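So this first bit is one chain, no partners, the form predicted on its own, shown in structure tokens.
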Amino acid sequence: MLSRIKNGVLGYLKDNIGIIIALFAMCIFLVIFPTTRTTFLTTKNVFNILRQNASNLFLATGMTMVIILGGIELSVGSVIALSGCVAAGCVVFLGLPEIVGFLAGILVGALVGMFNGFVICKTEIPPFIVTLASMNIAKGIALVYTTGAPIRCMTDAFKFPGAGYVGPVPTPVILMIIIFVIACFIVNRTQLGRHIYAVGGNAQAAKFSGINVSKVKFIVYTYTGVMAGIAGIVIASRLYSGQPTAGDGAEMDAIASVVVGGTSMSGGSGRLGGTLIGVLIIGVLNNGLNLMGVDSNWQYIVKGLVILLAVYVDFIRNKKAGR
């Protein structure tokens, strides 16, 4: 048993050595940089990084599966806004219990994911176009539902998923661990996980081998919608309100985390272990830039360059492998 664990850890380190070194290099830089050395490596700031990036990990687990399939999901940011607004609206406008509002928000995410999966499977419209359309639809519904204004909800139960604590640990960090373990189990230990890789590697061959390609795609897009719904609940809870602008650009952070983590944009390969490191890299990057006082407009440029570099590295890797 100990030998298996040791081999697994060593294999994980070997497979992700490049991005692990990059993560440590960023942390060391922030520890020694004059304006961040007293604030970066503190318990409070470490928990802040994990809390603020829990929602990104939710999205990134689904995005990893989608990209392994050879697809893309652009609507998750808008789903975050819509699910958060629906959850807050159920509590504030309808007087329903908070748990009902949370379930309603997650259901909204699932429905958007099901819509994306159904259209992609039945029409063969490229996922980029389908999810771009649903991104705008979900965003529009959130704005119409709220009339463009936040829905404030200050109850203790509503604040717990995003701003609460279990002992000294923030609730989002606990949720992040649970969801990551579940996602790893799905990808690595189930038939669905094997089918995801098979469809991403060669959809036609997977179909000939008896795999229901449409079913796999539908489940993965539905799962990604559920993850976006949960992320929307956590963000709305952390902000004490459902906001129609919440989640703007969240899809870019999720995609960046996935490609930085080593998942190939051409599909068929990728690991959630790498995605986890990718999420931490993007989280440390965002946190470090904020601590250094870098203007938010410049942060978009930096993250764009990170995505471009990661995709270029993936291109070179695929070219050397002859893919």
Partner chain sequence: MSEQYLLEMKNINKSFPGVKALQNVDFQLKAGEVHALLGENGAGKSTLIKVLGGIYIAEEGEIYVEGQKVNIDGVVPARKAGVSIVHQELVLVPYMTVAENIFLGREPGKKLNINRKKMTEDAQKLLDAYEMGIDADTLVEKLTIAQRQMVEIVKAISFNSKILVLDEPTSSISDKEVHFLFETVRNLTKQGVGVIYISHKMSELQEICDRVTVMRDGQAVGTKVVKETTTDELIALMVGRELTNYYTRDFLEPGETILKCEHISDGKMAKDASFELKKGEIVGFAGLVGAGRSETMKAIFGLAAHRTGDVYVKGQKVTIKSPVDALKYGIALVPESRKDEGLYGVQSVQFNSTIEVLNEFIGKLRVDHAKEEKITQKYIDMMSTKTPSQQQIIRNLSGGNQQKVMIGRWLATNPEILILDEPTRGVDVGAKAEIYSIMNELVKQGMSIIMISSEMPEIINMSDRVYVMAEGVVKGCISHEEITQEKIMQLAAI
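Not measured: the values here are computed from a predicted model. Positions refer to the first chain, counted from 1.
Absent from the display: the form predicted together with its partner chain. The rest refers to it.
- With the partner omitted here, the stretch from 86-94, 233-241, 110-118, 185-193 that lies within 4.5 Å of its partner chain by heavy atoms in the model of the complex is 185-193.
- When its partner chain is considered in the model of the complex, residue 208 lines it closely, a heavy atom lying within 4.5 Å.
- Residue contact check for residue 269: one or more of its heavy atoms lie within 4.5 Å of its partner chain in the model of the complex.
- Though the partner is left out of this view, residue 197 does reach within 4.5 Å of its partner chain in the model of the complex, counting heavy atoms only.
- At a distance threshold of 4.5 angstroms between non-hydrogen atoms, residue 6 is out of contact with its partner chain in the model of the complex.
- Among the residues 245, 136, 204, 147, the one placing a heavy atom within 4.5 Å of its partner chain in the model of the complex is 204.
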